[in-house]
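Taking the form predicted alone, here's one chain by itself in structure tokens.
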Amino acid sequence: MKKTLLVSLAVLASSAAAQTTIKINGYAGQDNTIYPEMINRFVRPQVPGVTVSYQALQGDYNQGLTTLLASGSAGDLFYLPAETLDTYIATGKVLPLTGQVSTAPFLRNLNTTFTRNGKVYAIAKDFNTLSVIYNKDLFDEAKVPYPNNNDTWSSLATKLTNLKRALGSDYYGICLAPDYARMGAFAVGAGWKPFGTNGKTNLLDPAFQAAFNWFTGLTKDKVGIQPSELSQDWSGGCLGTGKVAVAIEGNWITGFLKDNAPNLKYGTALMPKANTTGKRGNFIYTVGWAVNAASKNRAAALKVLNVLTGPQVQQYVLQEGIAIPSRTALSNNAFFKKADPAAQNAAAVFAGASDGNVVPYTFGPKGPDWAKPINTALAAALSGQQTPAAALRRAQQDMTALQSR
């Protein structure tokens, strides 16, 4: 009788384990196809007895996640975008992973991105940085040297100007979106820090002004052009038209070019160095895996997280061209040594995470509203509606008002 009871309890225990389900909240679109496949391929064999369900949030991801966390119905695991990290940490609904997960295998800058007050709140699932992507045919036709890893702001601007002069009014040197996500990287290269020790932002810092003036000054004589002027909504679209020589983008551009400009011959260079510091500037764009602090399946969620950031998944992500993986050990991966332009771009993006002045692409506690004064100033200066100096003065006023609320 006793033996029968023990067997029954064992069966019940086994049944309970089999019923453990880990729900993941992530992006829709391509991720809604990729991650269910990776869960089947890698997580299921390595975490037996646990069912993993990927539930994509349609529409505005941050808004959707905020609603689910507030209602207590968010997943056990979820994407945590770095740019909105601070707003989620403030809710207390993100489990600190310090002591729960080893961060040693991952790039130091990625760990820093998700660290606040000494606690790590997410493990980067992948990342991107910026690089200079250029149209080889246009440079060849203009007889201008390609952008290279030794370029400074000045030498790159000279190449773009010479190319424009050689090719005429139907072509442009560079496509410049009025977006902090691009221009801000140059300011970082010049030594600007988005947030001072007091947590405030100084847009009148000489380093920021120098980058702003250089960036917006490229529109002189139409060397630089905004995407809207070519009926595009980003600089990758500009490059795809074949009329623009350079775009500042991340590895996400390679898939776009493959599908939309398959005959375009392109190369990649690292970001140019700031004239004053001799340093490159770059942003790290990343999304981490975070654990819901209220999860009742914490142990299983951590096991799933470890598999999704493990060597097998990261190698798969790299080989399939899905993204740039976050493990340091992949720096010497054979994929980065391939000659095809997409692999070369991936190598430059990987190198960009550790070369020069690199900071996380984040908005701080005010969320996405923080970037609005900068973007407004960029739009005004790039279009010529305001001088750079006037645009920056107004942006600082708006930034001060925002950060004083």
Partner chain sequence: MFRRGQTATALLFLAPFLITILVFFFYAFARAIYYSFTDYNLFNTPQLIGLKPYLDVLGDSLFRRALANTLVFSIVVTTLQTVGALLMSVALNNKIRGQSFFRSAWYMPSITSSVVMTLIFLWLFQRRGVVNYLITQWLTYQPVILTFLGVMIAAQIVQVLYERSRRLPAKWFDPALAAMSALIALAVTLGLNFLGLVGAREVTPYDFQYFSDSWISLGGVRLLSMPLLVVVIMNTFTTIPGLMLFFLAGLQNIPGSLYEAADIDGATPYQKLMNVTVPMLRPVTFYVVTVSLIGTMQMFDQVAVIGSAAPQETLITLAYYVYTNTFKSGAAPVNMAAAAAIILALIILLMVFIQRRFFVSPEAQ
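Small disclaimer: the values here were computed from a predicted structure and weren't measured. Positions refer to the first chain, counted from 1.
The protein also exists as the form predicted together with its partner chain; that form is not presented, and the subsequent description refers to it.
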- Name the stretch: of 29-37, 349-357, 42-50, 62-70, exactly one has residues whose heavy atoms fall within 4.5 Å of its partner chain in the predicted bound form. 62-70
- Query: Ok, Trp234, Tyr88, Tyr79, Tyr180: which has a heavy atom sitting within 4.5 Å of its partner chain in the predicted bound form?
  - Reply: Tyr88
- Have a look at Gln319, Ser228, Asn149, Gln100 for me and say which one sits with a heavy atom within 4.5 Å of its partner chain in the predicted bound form. Ser228
- Message: I'd like to know whether Arg393 contacts its partner chain in the predicted bound form, with contact meaning heavy atoms within 4.5 angstroms.
- Response: no
- Query: Wondering, does Lys372 line up within 4.5 Å of its partner chain in the predicted bound form on heavy atoms?
  - Reply: yes
- Is Lys279 a contact residue for its partner chain in the predicted bound form, using a 4.5 Å heavy atom cut-off? no
- Interface membership of Arg327, its partner chain in the predicted bound form, 4.5 Å heavy atom rule: no
- Does each of Lys159, Asp170 and Asn332 have at least one heavy atom within 4.5 Å of its partner chain in the predicted bound form? no
- Relative to its partner chain in the predicted bound form, which residues of 238-255 have a heavy atom no more than 4.5 Å away? none
